[in-house]
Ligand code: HEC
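Okay, so here's just one chain, in structure tokens, the form predicted on its own.
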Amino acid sequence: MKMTILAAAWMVPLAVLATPNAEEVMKASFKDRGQAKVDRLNQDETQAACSKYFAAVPKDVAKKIEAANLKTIKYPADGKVMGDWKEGERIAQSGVGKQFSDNPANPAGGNCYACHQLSKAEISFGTIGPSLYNFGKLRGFTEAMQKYAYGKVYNAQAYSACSNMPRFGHNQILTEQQMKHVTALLMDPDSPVNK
């Protein structure tokens, strides 16, 4: 049976992870396949800090992580962070994205419903992340909130150190246009998220 990198990593005994060559063992057991690449196993500074503190990140470290990641956010050159919410819904509901079985020629999806509730119409959704139902309605449809939503999708670590949310822009999972569409899904008053 084939597994994703994440699923396989959870099955590695803790004793193996504690050995000095655990990283070498894990890297040797994975191969590039489809959209899933071995380079995922290489931690950047943020991931290394989050791994080090795992359950309880000290406040001073969390502030440094957030500040460093805030600097990485690249807002669209045209100044527009909103796209088409209908496209955003398609991206959010798409279960594809950086999995070994996904065709590398196709764009990645957001798979947002795996962690969040997006609308009342959904009969199944994840609960790892907070409900996004009424996201814009509760926070206000301001330009500042739209920019925040785009930034959160781009790099969640900028606002919540060691968040489980993927850094969609930072890690080039979604394109700028896709992130605009997802931002519109969250922030457009006509979106099902805000109904």
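In case it trips you up, residue 1 is the first one in the sequence shown, and so on. What you see is a predicted model; the values in this text were computed from it and never measured.
There is also a form predicted in complex with the ligand; it is not shown, and the following applies to it.
Counting only non-hydrogen atoms, which stretch in 35-43, 65-73, 145-153, 48-56 is within 4.5 Å of the ligand in the model of the complex? Comparing against the ligand in the model of the complex, the contact stretch is 145-153.
My question is simply whether Leu174 lines the interface with the ligand in the model of the complex - judged by any non-hydrogen atom within 4.5 Å. Looking in the model of the complex, residue contacts with the ligand include Leu174, since a heavy atom lies within 4.5 Å.
Considering only heavy atoms, tell me if Cys115 and the ligand come within 4.5 Å of each other in the model of the complex. Contact with the ligand, yes.
Check whether Ser29 has any heavy atom within 4.5 Å of a heavy atom of the ligand in the model of the complex, and answer yes or no. Answer no; every heavy atom of Ser29 is more than 4.5 Å from the ligand in the model of the complex.
Examine Pro130 and determine whether its closest non-hydrogen atom to the ligand in the model of the complex is within 4.5 angstroms. Pro130: contacts the ligand in the model of the complex.
Taking the ligand in the model of the complex, which residues along 172-194 bring a heavy atom to within 4.5 Å of it? If the 4.5 Å heavy-atom criterion is applied to the ligand in the model of the complex, 172-194 yields Leu174, Val182, Leu186.
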